[in-house]
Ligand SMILES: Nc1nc2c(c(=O)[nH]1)N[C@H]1C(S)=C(S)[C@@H](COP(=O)(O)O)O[C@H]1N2
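Coming up is one lone chain in structure tokens, specifically the form predicted on its own.
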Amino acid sequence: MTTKIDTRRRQFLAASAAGGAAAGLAGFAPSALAQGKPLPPVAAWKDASRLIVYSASGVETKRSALGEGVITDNDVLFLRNNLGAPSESIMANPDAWSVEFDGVTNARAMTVGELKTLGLETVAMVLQCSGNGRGFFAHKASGSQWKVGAAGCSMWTGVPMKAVVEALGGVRQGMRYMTSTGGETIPPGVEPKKVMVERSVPWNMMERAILAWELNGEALPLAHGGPVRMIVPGYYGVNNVKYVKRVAFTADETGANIQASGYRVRPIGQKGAPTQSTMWDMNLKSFVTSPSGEGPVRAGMVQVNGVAFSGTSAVKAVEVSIDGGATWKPASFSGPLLGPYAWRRFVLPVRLAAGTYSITSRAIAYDGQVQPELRVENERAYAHNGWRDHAVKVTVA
């Protein structure tokens, strides 16, 4: 894992690069390039050689960069923003950042410094964009054309939300949702509800949620939501609100577009509506990370490895196919089990002769779910967990 010294040095350099970005491409740091596009200033400290840049708000981890360990390093963790990050100045004194709490008996604001006195917890969790796998859909839905790398498994440290709620006298009666509001700057002249990042989840998610100020043992960087971020283990990334400035327990879901019509699963061609399924629990998924398909593989013994995870029932087993799903072999888990919301690493040694192979995996959960073969077609290309699309084409020489 990258050392704290190295990472913080890159973050310092990133802040400096942001100030001079106007000399290069607007909105980007001119010194860091990935796949021919520059990294945005907020993430200029990341390892460009192991990333794919789609835009200033979409940066994917290469399949090969997910490595063989359980934890995804900060400098290769994917980036997804619905709005531009706030000013770097908010990181000058992160403990002074204030979060307003409402819908509790004793509603009030608390600084991060105060929150740090209420409790401490670390959770290993898969963070995954709702659109991870969008690049496999035929209708090319708008947005970053992610393949597998809009996901990572990281350690998040902060205060349990249930401890905060207890300190504030408990949730008021009749409150059905926990609604988090991000601290992004709203563009001038725009109706806030149209663009603001505000997400509602069932109120009892406070039992597993934390307000995090550390990522993999380091101060949470601005790129990933610092000074403090709402973390809801097992839920898609959009619910893990960055720069959180307000947490309210509410009777109804927020009317912000990102909840009311955005992140809704609907047929292709239909508009989003509150009656449609929203992106909360992550579904059962696995994919191979090595071989990555980025180059030829030498004939002989090959270690096929990858990751498997779910937001609902824990992963019980993983099977691997080297012939595009015609036959399957059981894989073994590798690495430590870091809790129900982390991904499981799997490995299967196989002997491959010269030729071309389609290598894929499918996960099986304790509740009996089996990862499906095909994607579910939908307008925004969300929640893709079909194993066929995620197969890696490998040439063995």
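In case it trips you up, residue 1 is the first one in the sequence shown, and so on. The model shown is predicted, which means the values in this text are computed figures rather than measured ones.
Not on display, but discussed next: the form predicted in complex with this ligand.
The candidate spot formed by 97, 119 and 213 is out of contact with this ligand in the predicted bound form: none of the three has a heavy atom within 4.5 Å.
Only one of 313-321, 232-240, 294-302, 108-116 places residue heavy atoms within 4.5 angstroms of this ligand in the predicted bound form, namely 232-240. In the predicted bound form, no heavy atom of residue 257 sits within 4.5 Å of this ligand. Taking the partner from the other structure, this ligand in the predicted bound form has no heavy atom within 4.5 Å of any heavy atom of residue 261. Though the partner is left out of this view, residue 81 does reach within 4.5 Å of this ligand in the predicted bound form, counting heavy atoms only. Remark: residue 247 does not count among the residues lining this ligand in the predicted bound form, judged by a heavy atom distance of 4.5 Å or less.
Site annotation in the predicted bound form: the residue of 197, 153, 123, 206 reaching within 4.5 Å of this ligand with a heavy atom is 197. Among 148, 129, 284, 164, the residue placing a heavy atom within 4.5 Å of this ligand in the predicted bound form is 129.
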